[in-house]
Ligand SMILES: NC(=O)c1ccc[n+]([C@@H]2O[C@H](COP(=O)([O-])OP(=O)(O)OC[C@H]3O[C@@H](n4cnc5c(N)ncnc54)[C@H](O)[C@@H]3O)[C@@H](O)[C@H]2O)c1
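Here you get one chain, nothing else, as structure tokens; it is the form predicted alone.
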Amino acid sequence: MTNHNIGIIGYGGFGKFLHNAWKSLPSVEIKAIADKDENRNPGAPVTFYNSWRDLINDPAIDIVSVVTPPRTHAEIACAALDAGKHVLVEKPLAVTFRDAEKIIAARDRSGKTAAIDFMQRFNPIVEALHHLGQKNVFGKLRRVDVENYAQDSSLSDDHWFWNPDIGGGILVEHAVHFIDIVHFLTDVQPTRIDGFSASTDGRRENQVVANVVYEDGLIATHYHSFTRPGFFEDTSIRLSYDLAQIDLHGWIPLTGEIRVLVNSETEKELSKLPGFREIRTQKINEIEDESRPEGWGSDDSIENETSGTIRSGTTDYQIDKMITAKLDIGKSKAEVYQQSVRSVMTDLIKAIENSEHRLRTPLESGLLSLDVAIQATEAGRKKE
């Protein structure tokens, strides 16, 4: 197995987190760090550079991780690719669509491998939902509702996060992770995008909404707020499929609940969900349909449902049970986060070593999510 030397550009909190996560990977060595702040020098055996240009010109480095503020991603990533390095870019890919396209062009021009750090694609629950979705276990995905409440006390007024020229705004800098989860769970393309924004202090755009309509009847809503104390930090993701309702909890989903209609074949697949723990199983012909009040009158569709044929949307499904269950990865947020970013790097290395390997987080996924975020952001600002 080939050894790979990594250089990390940007050594703030997340750069250090990546260093700690990757240093235990086999055949990987964190060889160099670049940061403007000399106080962030981790010391030997790592080489420290004050200039990112010096790092990308270091012949010992073959993979560059770009962990700087979003506005700088395009310049650094393009320069690294042109210098013959493989590249992993932190999300978002860039703050403008044009800059994101420049990175993709540099990758194609250089012949090097490049990916974006969409680590949620390696979350065990999200992975399992992706695979079960491909097998049509839940039917079509029809609705996604993301509610993300984050604290703002650690972000000073002069932090670059609040500067849209540097970070792009909350939907671009932050929400792209969740927008990408939707894209990972379904192959349908967005057709209409709208957005709203508001300020609780009259100075900062700290509440945003993106509404996205996709082909085939999927509607996704993303609400993100950076307004309250950390005690109220909370993230929920509701996924409504033809045959399932799934509620996930946590910025990095660690637990969840599922209600799903199954037949004998699809029921077998549920054990692939992390920590799947059945709470209740009901035969479909024993469940009362409470969607209509008593005395509403006869309805052939209800009769069909109790006989095992369910119509959802325009599709008929054969089912015989409803199962209610809990999901639980069984690890801490830090453990899942570290394992996910390790998997991103491992996946990149596989693609470097084998041109036939299909990247889980290609730059194109970053481009699509960025496009949705930018359009929603621009729509929201036009309404102000």
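The structure displayed is predicted, hence computed values, not measured ones. All residue numbers are counted from 1 along the displayed sequence.
Just so it is clear, the following notes concern the form predicted together with the ligand, a form of the same protein that is not shown.
Checked against the ligand in the predicted complex, the residues Leu248, Val146, Leu185, Met119 give one hit for a heavy atom within 4.5 Å, which is Met119.
Only one of Glu335, Glu353, Asp37, Asp316 comes within 4.5 Å of the ligand in the predicted complex through a heavy atom, and that residue is Asp37. Between 213-221, 85-93, 196-204, 278-286, the stretch whose residues reach within 4.5 angstroms of the ligand in the predicted complex through a non-hydrogen atom is 85-93. When the ligand is considered in the predicted complex, Trp160 lines it closely, a heavy atom lying within 4.5 Å.
A residue is said to contact a partner when one of its heavy atoms sits within 4.5 Å of a partner heavy atom; Trp22 fails this definition for the ligand in the predicted complex, lying far away.
At a distance threshold of 4.5 angstroms between non-hydrogen atoms, Pro42 is out of contact with the ligand in the predicted complex. The ligand in the predicted complex is not approached by Asp180, whose heavy atoms all lie more than 4.5 angstroms from it.
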